[in-house]
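One chain comes next, on its own, written out as structure tokens in the form predicted alone.
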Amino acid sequence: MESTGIACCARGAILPNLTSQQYHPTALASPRAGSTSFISPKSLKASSLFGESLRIAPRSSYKSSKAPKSSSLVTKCEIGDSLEEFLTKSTTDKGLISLMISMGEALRTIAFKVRTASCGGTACVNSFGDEQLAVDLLANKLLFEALQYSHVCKYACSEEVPELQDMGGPADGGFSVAFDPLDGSSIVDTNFTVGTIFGVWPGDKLTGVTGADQVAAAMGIFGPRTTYVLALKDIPGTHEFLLLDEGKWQHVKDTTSIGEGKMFSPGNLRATTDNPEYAKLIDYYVREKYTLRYTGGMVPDVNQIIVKEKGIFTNVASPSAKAKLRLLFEVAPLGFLIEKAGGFSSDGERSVLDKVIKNLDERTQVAYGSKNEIIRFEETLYGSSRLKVAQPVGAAA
């Protein structure tokens, strides 16, 4: 059987001229404040979200979406490609293409609503007890709708609706998706960058699987620019798409390696009060004059490692400051993006992609970064690192 291959031209390309035409996605009314219930996808209409911009294909078009195993895919993705061009070159799985394009449509609309949302108060509380702003609920609704309209998603769940929702897609040949609709929603009102995170697993299971089982993962970043950063299992690299004025996604960057550089983003610093090893690690960063780059939002902090191609993000637990990041909705998808970009992830002992997701609300500590930074993280917290190759006897110290 021939193997799948891909070649990507990453840097030095000149982007086509951008148009000045302003994009105005369809505006939606916010969900009723105070409601935590999820509206059945079957009651939603495509026109209420995407208008004519979403390509809604009949379910039958995906029955034979995958190419025969004996076929080969040799393609060249280029800077300047549209999202559709990139995906078509990168995979023969039409179902996965449909899903990633549908999610891109939702991210477009979320970006517009984040820019125009009123964030003056708390709308309701989700079933985990977290405060939830109205814009969270809207993003949540948009993403569930997008997954339904893709026709290839069997089950989906979100951090705001942490129960499996049947999206109507096939179990065999379809996908299951877990997402955090708006990570960092508490800093929307201060106009900080926030984002969406999602992971895509094959079939109909979101528990009893690992992050390494994902076939794709992505995040949408809503800041001065709106970007869609994604990775696919069978092609190298993590790929950034920029939302242009006319509403199209354009391929602008590939990241295939994360190098060394003194930049750190330390989350959950309160854990340093009773986790001396974490305090020691933070002291090292300060003493060695690392540059502090921390926003309080996981998406922008992890995205900067991919964009800058260096750095370390940490979020460590302690007896009094328990781990709060969710493995399914946040940690595993971002771990997939970081590792596809050439970086490493760790919970202190192993890659987060190797952790079995036992339940939807499973929490974990995590670090993302370059190889040497993850080695330092593991050695400082636990005394040794799985990534450090032992030197042969007689080797120089």
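For clarity, every value in this text was computed on a predicted model and none was experimentally measured. One rule holds for the numbers: they count along the sequence shown, beginning at 1.
Below: the form predicted together with a small molecule, not depicted.
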Practice task
Check whether Y294 has any heavy atom within 4.5 Å of a heavy atom of the small molecule in the model of the complex, and answer yes or no.
Solution key: yes
Handout entry: Contact test in the model of the complex: L182 vs the small molecule, heavy atoms, 4.5 Å
Key = yes
Practice task
Considering only heavy atoms, tell me if L242 and the small molecule come within 4.5 Å of each other in the model of the complex.
Solution key: no
Exercise for the section: May I ask you to check whether L87 falls inside a 4.5 Å heavy atom distance of the small molecule in the model of the complex? Expected result: no
Practice task
Scan S186, Q250, T272, S102 and let me know which has any heavy atom within 4.5 Å of the small molecule in the model of the complex.
Solution key: S186
Exercise for the section: Could you spot which one of K233, K205, K308, K324 gets a heavy atom to within 4.5 Å of the small molecule in the model of the complex? Expected result: K324
Handout entry: Region of this chain that lies against the small molecule in the model of the complex, out of 311-319, 89-97, 255-263, 222-230 [heavy atom, 4.5 Å]
Key = 311-319
